[in-house]
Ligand code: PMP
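The form predicted alone is given below as one chain in structure tokens.
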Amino acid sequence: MRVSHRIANLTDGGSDGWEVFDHARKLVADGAEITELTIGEHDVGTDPVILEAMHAAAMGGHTGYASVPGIRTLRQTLAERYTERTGVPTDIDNVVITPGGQSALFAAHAGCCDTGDTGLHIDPYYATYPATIRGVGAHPRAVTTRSRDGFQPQKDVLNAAAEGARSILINTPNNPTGVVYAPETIRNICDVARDHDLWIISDEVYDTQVWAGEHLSPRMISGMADQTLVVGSMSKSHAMTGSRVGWIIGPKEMISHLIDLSTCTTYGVPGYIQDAAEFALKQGRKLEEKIAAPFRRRREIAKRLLDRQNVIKLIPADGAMYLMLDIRATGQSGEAFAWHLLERERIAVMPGESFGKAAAGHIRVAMTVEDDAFETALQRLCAKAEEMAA
């Protein structure tokens, strides 16, 4: 029997970008010792206080069907959080809860794009972005950024790509680059969205991991709240990756339609997990800073080590849990360097090419092992780059 064209062509017949990661995991399963600097998985689990709250909610009986839009108290907590932190009035009807950020990205594109429409995304991009757009029947169109511009989208390139599109997906702080979009960049994106009548889908799952500058959401720009869908998640801010709690913040009419979509797709998120998410959010910035602290430390370790050599160039790592390293001086592609590093040094990183054409000749390093192991791995990575460039 034939599968649908939509499903069969999620990756457009190309690589899904995960080959190095998959091979590293196979080596680990076979007993090899691999330093994994691949995916954005915290090296510490969900805080015990959150797990205790989850357990109490489950034992208290919140294990049946939960409200499909999300439990009211969690939605209210998020509404208050966004009002306080962005200054944009937000209430419960601006919020829908989803099973993680990835589900939110899919739902947002389903809400913005019809079959055959064009959805823009920035290159480099998180590996699932093009497939998510194809998954709703739309066509992904990459907006190319450049390493020499710090991977900040340029207005002329945005304008050229926007003709005929329906949406633009952005991500700041950015995965894979670690870049935080400058206020001018956000204003340029908003100008282009207004001029071309685009929905902005703003993936802000790393908004609690800002090391330099400040996070600015396009929803905070005057007049843009009715044109912006913000995707958020508990995964990165509270080390709850496996709990699968995300959300979309947006205009009330769009949110009401996305609630209808949830009814016929996910049918909500387990109530005891939502209770734990609400508890975690109410702990405020202190807990978020505790979760973010290791990545802030490791960024400083990386800057110190990388300042001692002149082969690898660090893209400004102002947010998120990643470093984007320009390794073109080695004469290798990002993919070739990553395979070499895995095979010779037993260190797993992600090739830049996994995240689009713009990141070719780069690698992404996740700062997700304890400090000493991270420093040792980065020293070995730098030594290998210097050896290859000689």
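The first residue of the sequence shown is number 1, and the count goes up from there. What you are looking at is a predicted structure, and each value in this text was computed from that prediction instead of being measured.
Separately, the form predicted together with the named molecule exists; it is not shown, and the next lines address it.
Although the partner is absent from this view, Val205 contacts the named molecule in the model of the complex, with a non-hydrogen atom inside 4.5 angstroms. With a 4.5 Å cutoff on heavy atoms, Arg244 counts as touching the named molecule in the model of the complex.
Using a 4.5 angstroms limit between non-hydrogen atoms, Thr266 is distant from the named molecule in the model of the complex.
Contact between Lys236 and the named molecule in the model of the complex is found at the 4.5 Å heavy atom cutoff. For a residue to qualify, one of its non-hydrogen atoms must sit within 4.5 Å of the named molecule in the model of the complex; none of Thr90, Trp199 and Gln227 qualifies. Distance criterion of 4.5 Å from any heavy atom to the named molecule in the model of the complex singles out Tyr126 from the list Tyr82, Phe151, Phe295, Tyr126. This chain lacks the partner; the member of Val179, Val96, Ile189, Leu105 within 4.5 angstroms of the named molecule in the model of the complex by a non-hydrogen atom is Leu105. Look at 227 to 235, 275 to 283, 258 to 266, 180 to 188: in the model of the complex, residues with non-hydrogen atoms within 4.5 angstroms of the named molecule sit in 227 to 235.
Contacts of stretch 302 to 338 with the named molecule in the model of the complex, defined by any heavy atom lying within 4.5 Å, are made by Tyr322 alone.
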